[in-house]
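A single chain, nothing else alongside it, follows as structure tokens in the form predicted on its own.
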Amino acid sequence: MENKPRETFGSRMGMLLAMSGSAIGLGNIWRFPYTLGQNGGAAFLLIYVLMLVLICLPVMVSEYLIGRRGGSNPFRSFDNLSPGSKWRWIGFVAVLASACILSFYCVVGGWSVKYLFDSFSFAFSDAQSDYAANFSSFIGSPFKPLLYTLIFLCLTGLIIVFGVRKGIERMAKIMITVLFVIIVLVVVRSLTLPGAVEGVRYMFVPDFSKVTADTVIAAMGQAFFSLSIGCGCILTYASYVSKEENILASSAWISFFDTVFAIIAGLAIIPAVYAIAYMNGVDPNVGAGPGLVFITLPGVFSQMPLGGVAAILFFLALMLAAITSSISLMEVVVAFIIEELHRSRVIAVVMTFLICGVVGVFCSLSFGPLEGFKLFGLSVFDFFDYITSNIMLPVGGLLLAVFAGWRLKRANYLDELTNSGKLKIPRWLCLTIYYLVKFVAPIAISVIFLNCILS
């Protein structure tokens, strides 16, 4: 097959929104609020921002740098930078991690599609409904979750098939804009509820007496997870970026957008939970875990004035956020198939859909008919969640940091950051980032990894 010229992003804004969309996903709306709730609120938020700036941002800069300098999919990029070495297998781990994540991520994405459909029928208007039982009944069904899982995966593939500019970039501009407007509207409604101010205080007035070593590790892990570090998403997107782009500025903007959106998502959820708890005279359950979005919030919407409208807006935002991240995950695998197996984009998308769809079906069925089937003592869904979140991503991020800090020459690292001296970036700043990646990031990521496998 004749090699076609590689696509690139058509504009800086499109590139920033696409990369931000990779980071902004279920990790922000689904995972961040309950992780914040489980770890003390404002104190966790401060530590989260600190970990993001000191550790995750430098590693993200390095992944961006490797992707742009390597100019290919993760596997080929490492090979281009270190020809003939075994380092290229870091890239293969990233591709495999993206495929595994997408396989169970599309299940949760399917739940967001289902709950969006339900919200249009005002299914969350009955305050007496048992939303926990309803959720358990849905995910335990042998057919309905499969349908929504495949719908979600199909929506993702339909965007990817049009390529970088006409598919990924164009839809990122639309979806991220709509997503931001919607979530702000939900925040406004949440903050105008009686008792919501206590939720705001919980988020922004720190109580450092609640901070433990586990809080720091959880904050570091959430920042790492939120920015999609280690699964090749940033690296793949960076390979579509022009050589004139400012890596430091782009990485800073992407991290900023991701953090702001996580905080906004928290403001959409936590004050509302506090408000309904205030109205009912009970303690707020902001640390409800993964069920916060699919069990607790429907109950909140059922008691909220104009809750039906708020539910539609919220679950539309949730679905859009899920798709922006699933696009980046699928593109990692698609780019690998196109460039290493020499298949067309259409065939690559179909192959990825089939592979992740089949695994996704087993992940979905693990809540129902396959509930008793275990892999190393875990359900299929939990197994893929565990090996990606606790093993593949930390290991991939660790090896990436080691490669950037110890394999790449410092001169090459600094040359890429300054675009061969064309950008007037202070040398001390470049060196600070380089040494954070070389010495601090490997230790911090190792702590996350050890905590994950020992907990």
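All residue numbers are counted from 1 along the displayed sequence. Keep in mind that this is a model prediction, so the values were computed, not measured.
Just so it is clear, the following notes concern the form predicted together with tryptophan (TRP), a form of the same protein that is not shown.
Student: Is Leu45 a contact residue for tryptophan (TRP) in the predicted bound form, using a 4.5 Å heavy atom cut-off?
Tutor: Flag for Leu45 set to no.
Student: Considering non-hydrogen atoms and a 4.5 Å limit, does tryptophan (TRP) approach Ile101 in the predicted bound form?
Tutor: Judged by the heavy-atom cut-off of 4.5 Å, Ile101 is in contact with tryptophan (TRP) in the predicted bound form.
Student: Within 4.5 Å, heavy atoms only: does Leu329 come near tryptophan (TRP) in the predicted bound form?
Tutor: Close contact exists here: in the predicted bound form, Leu329 approaches tryptophan (TRP) to within 4.5 Å, heavy atoms only.
Student: Should Ala23 be classed as touching tryptophan (TRP) in the predicted bound form when contacts are defined as heavy atoms within 4.5 Å?
Tutor: Although tryptophan (TRP) is absent here, Ala23 would touch it in the predicted bound form, with heavy atoms inside 4.5 Å.
Student: Considering tryptophan (TRP) in the predicted bound form, which of Pro394, Gly27, Gly41, Gly405 comes within 4.5 Å of it through any heavy atom?
Tutor: If I apply the 4.5 Å criterion carefully, the residue I get is Gly27.
Student: Have a look at Thr149, Ser228, Thr156, Asn73 for me and say which one sits with a heavy atom within 4.5 Å of tryptophan (TRP) in the predicted bound form.
Tutor: Here the answer is residue option Ser228.
Student: Val164, Thr236 and Phe336: each with a heavy atom within 4.5 Å of tryptophan (TRP) in the predicted bound form?
Tutor: No residue of the spot touches tryptophan (TRP) in the predicted bound form.
Student: Thinking of tryptophan (TRP) in the predicted bound form, which stretch from 228-236, 117-125, 362-370, 140-148 has heavy atoms inside 4.5 Å of it?
Tutor: Going by heavy atoms within 4.5 Å, the stretch is 228-236.
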